[in-house]
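Only one chain is shown below, in structure tokens, and it's the form predicted on its own.
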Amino acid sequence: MSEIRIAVFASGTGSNFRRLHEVSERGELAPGKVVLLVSDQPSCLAVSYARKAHVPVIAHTFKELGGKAAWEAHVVEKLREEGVSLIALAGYMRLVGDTLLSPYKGRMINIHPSYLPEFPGLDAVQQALDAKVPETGVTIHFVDEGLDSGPIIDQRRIQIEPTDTHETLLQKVHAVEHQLFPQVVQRVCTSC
């Protein structure tokens, strides 16, 4: 089976990117391999980690490249040059436009910190706390034109304790994400 070259998109701390990269370096994503980080936030921690780990980086703001469509066109060109066949959105905080989605439809997955369809969008952890629900979760899904609305690949539930704060619940979510995301990415690579 030929190698599935993976680009990870991240906008922030990059904890899921770091986890995917570490697992990839150990060969545990095979036939997948993380080969590129893409970010819309050039100064974010994910970019810093990638550079220290010698992972190639594409990092520009939308403004630097003349807007979202131009940014996405530039990224698609670079993805093609790198032979990327799977995109993993790992804390990428932008809606994907058609310029990027169209050539990668069915080959782009996203990790979201809730048990979708509950709490789509930004700060799902705080949304769950504000709703005072007994549980939330982690969802990995294919990306479509909507907001966290694509076909679900896998999910895990997470109990919310009355004493949980944003920080403690986020830690629980990250623990599940870091375990589940590499498993799902590897499974998707195997089925490509």
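In case it trips you up, residue 1 is the first one in the sequence shown, and so on. The model shown is predicted, which means the values in this text are computed figures rather than measured ones.
Separately, the form predicted together with glycinamide ribonucleotide exists; it is not shown, and the next lines address it.
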query: Exercise: Gly121 in contact with glycinamide ribonucleotide in the predicted bound form, heavy atom 4.5 Å; finding: yes
query: Proximity of Asp40 to glycinamide ribonucleotide in the predicted bound form, heavy atoms at 4.5 Å; finding: no
query: Contact of Thr13 with glycinamide ribonucleotide in the predicted bound form (heavy atom, 4.5 Å); finding: yes
query: is_contact(Ile111, glycinamide ribonucleotide) in the predicted bound form, heavy atom dist at most 4.5 Å; finding: yes
query: Full three-residue contact with glycinamide ribonucleotide in the predicted bound form, heavy atom 4.5 Å, for Ala90, Met93 and His174; finding: yes
query: Option from 95-103, 80-88, 67-75, 112-120 whose residues, in the predicted bound form, bring a heavy atom within 4.5 Å of glycinamide ribonucleotide; finding: 112-120
query: Partner contacts in the predicted bound form for 136-158 (non-hydrogen atom within 4.5 angstroms of glycinamide ribonucleotide); finding: Asp148
